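Consider the single chain below, provided in structure tokens and representing the form predicted on its own.
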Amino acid sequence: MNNYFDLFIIGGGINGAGIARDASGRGLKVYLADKGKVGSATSSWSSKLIHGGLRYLENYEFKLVRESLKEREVITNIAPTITKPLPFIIPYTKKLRSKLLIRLGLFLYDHLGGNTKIPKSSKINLNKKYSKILNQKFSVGFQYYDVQVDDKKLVEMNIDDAKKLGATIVEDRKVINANRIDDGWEITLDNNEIIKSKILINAAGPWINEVVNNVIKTNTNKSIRLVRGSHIITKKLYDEEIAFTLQNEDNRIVFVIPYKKKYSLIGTTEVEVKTADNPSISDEEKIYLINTINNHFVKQISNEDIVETYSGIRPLIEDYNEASKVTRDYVFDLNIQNKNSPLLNIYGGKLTTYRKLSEKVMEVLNPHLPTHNTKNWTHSKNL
């Protein structure tokens, strides 16, 4: 096998998988290595939504919401077998966001992304429609739509396409060293195999700075905050194919989403942690999610109703806000010590924007790549 590649990608989460697919489809020679199984970490620990991020509007992240809504439409079109639009109900409560603020947010949410097949939002009478699900104190609500996705499958489909397009994908293979050489990078794997590549992309998600410091041994001025998001799964709390966006007094929201026909998926939390390894839900997080349900639903739940839990670590770019206000956008750190060996570190990002992120990676790296097809293509080609 020829061991010289155009791109070497560390990390087989959704960003790494998306970049591998996009670059391979442009005729570039791609190698991707993941220390575990592709899509088995942060990318499969999400709330399983392709969404614009309604609550990001409160942090004035209009650009991110607009891009996310446009991508919601694209991903629904290119991955029809693993996505489906789902109505979300927001029960209104006087103590929290005003009706005017919710209406304004939903108006922006309906229109920021341009034309869409996804239905628009509306005000609804909760006592008429959902009195068997919600407490009587919730009489007014708002309905909007987002898209449910099989997150792990989305990663795997991108990886499968990348392989078909010629990419080399290896799992359970850790990168232990990366050195700059005259015409690129020399990358050592934990089986002592050495791969040479013109460009190195660090898409290690929560482990990004660990890779920068211990593997690449270079400096970055970007710091991240690791935030654990935990979910609980219960037997389904209601039969309808609807989801709920529940508001809490700490201004956070919790989703309740139909899951695998028999269950309800409830989350997420936001707890700052020091390490990305082996995340698991705390008792406090369980209580927080249980209390949120019991404050809103007729059906009350307890610890005994939890059939499963999972937790994921989100690597958020440090901007010194409280965890719920830290941006979900992504940032590129392009490091070029000599023009022949670029390093691109990818910070942040979310499931919804992975495809657009991949296109932007190709745009940023274009001046450093050999001749290839520069035309964007992933928006129109089904996974």
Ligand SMILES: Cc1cc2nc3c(=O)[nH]c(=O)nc-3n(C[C@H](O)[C@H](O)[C@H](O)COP(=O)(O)OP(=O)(O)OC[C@H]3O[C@@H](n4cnc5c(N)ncnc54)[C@H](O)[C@@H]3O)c2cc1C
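Residues carry their position along the shown sequence, with the first being 1. What you see is a predicted model; the values in this text were computed from it and never measured.
Form predicted together with the ligand: not shown, discussed below.
In summary, the region of this chain contacting the ligand in the model of the complex, judged by heavy atoms within 4.5 Å and restricted to 114-122, 239-247, 167-175, 134-142, corresponds to 167-175.
For the chain shown alone, Ala33 is a contact residue for the ligand in the model of the complex, at least one non-hydrogen atom being within 4.5 angstroms. The closest non-hydrogen atom of Arg66 lies beyond 4.5 Å of the ligand in the model of the complex. Among heavy atoms of Arg355, none comes within 4.5 Å of the ligand in the model of the complex.
Ser341 falls outside the set of residues with a heavy atom inside 4.5 Å of the ligand in the model of the complex. When contacts are defined as a non-hydrogen atom within 4.5 Å, all of Ala204, Trp207 and Gly312 contact the ligand in the model of the complex. Residue Thr268 is the only one in 240-274 with at least one heavy atom within 4.5 Å of the ligand in the model of the complex.
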